[in-house]
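In the form predicted alone, a lone chain appears below as structure tokens.
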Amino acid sequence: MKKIIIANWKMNPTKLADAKKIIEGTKKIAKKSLSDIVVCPPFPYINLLSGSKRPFLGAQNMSFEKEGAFTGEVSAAQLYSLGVQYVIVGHSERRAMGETSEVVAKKACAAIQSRISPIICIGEKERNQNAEHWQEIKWQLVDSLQGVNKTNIKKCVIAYEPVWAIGKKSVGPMNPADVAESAIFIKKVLAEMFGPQIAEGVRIVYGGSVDGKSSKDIMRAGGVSGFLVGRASLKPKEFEEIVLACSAK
């Protein structure tokens, strides 16, 4: 299965000139990589990569509405017209603002209808000895895929990002064994929903404080098809280490 590395710039950088520098560095990395590289910049910078295939252009969010009086929103059709091929939906930071799995499912379906591949984010807020996080992961996944059928699930990427491992206050990335266990569980749920053969063809990526060092360990033993990268994607040299980790045998 082809690896995929997704750069989520979030609301960075502040200056257009800096965005151009990061893009140039990322383009050089993408040209040499056999993996799929996706860059999801803030909306003001999307035109800098419009129509790009190395790397692919992604968006950080979208509305499930097609068009109309929805001030501040952006539709899937508008993104597609700019050359966007992937879109992140259900990121933990969006869920923290009140976005539900029902809304995530609507966005995923709207993206697919516009020929955009949704990167569907799921992940528990915390882990405990009672293993309640497994139920949280399962129902987030099930509810976020409502309306997605056996044909369309192949177009989706599932991004597993435990909330406690994200951001400046995180405790750091998960250890590879726990990532692998989570990936197996997600595949099991997908198999229950769509069948084992189809589930095997769905790419699962890990997100959560990924950097050059942790990516190598997780890629070797984590059982995932790539990464959703936050802060490190703004530093081309470190991002290249992550891309190289996905290429290593």
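As the structure is a prediction and not an experimental result, all values here were calculated from the model. We number the residues from 1 along the sequence you see.
The next section is about a form of this same protein that is not shown, the form predicted together with a small molecule.
Checking 166, 137, 148, 156 against the small molecule in the predicted complex, a heavy atom within 4.5 Å turns up for just one residue: 166. With the partner omitted here, the residue from 41, 55, 222, 207 that has a non-hydrogen atom within 4.5 angstroms of the small molecule in the predicted complex is 207. Of the candidate stretches 58-66, 209-217, 196-204, 26-34, only 209-217 has residues whose heavy atoms lie within 4.5 Å of the small molecule in the predicted complex.
None of the heavy atoms of residue 107 is located within 4.5 Å of the small molecule in the predicted complex. When the small molecule is considered in the predicted complex, residue 10 lines it closely, a heavy atom lying within 4.5 Å.
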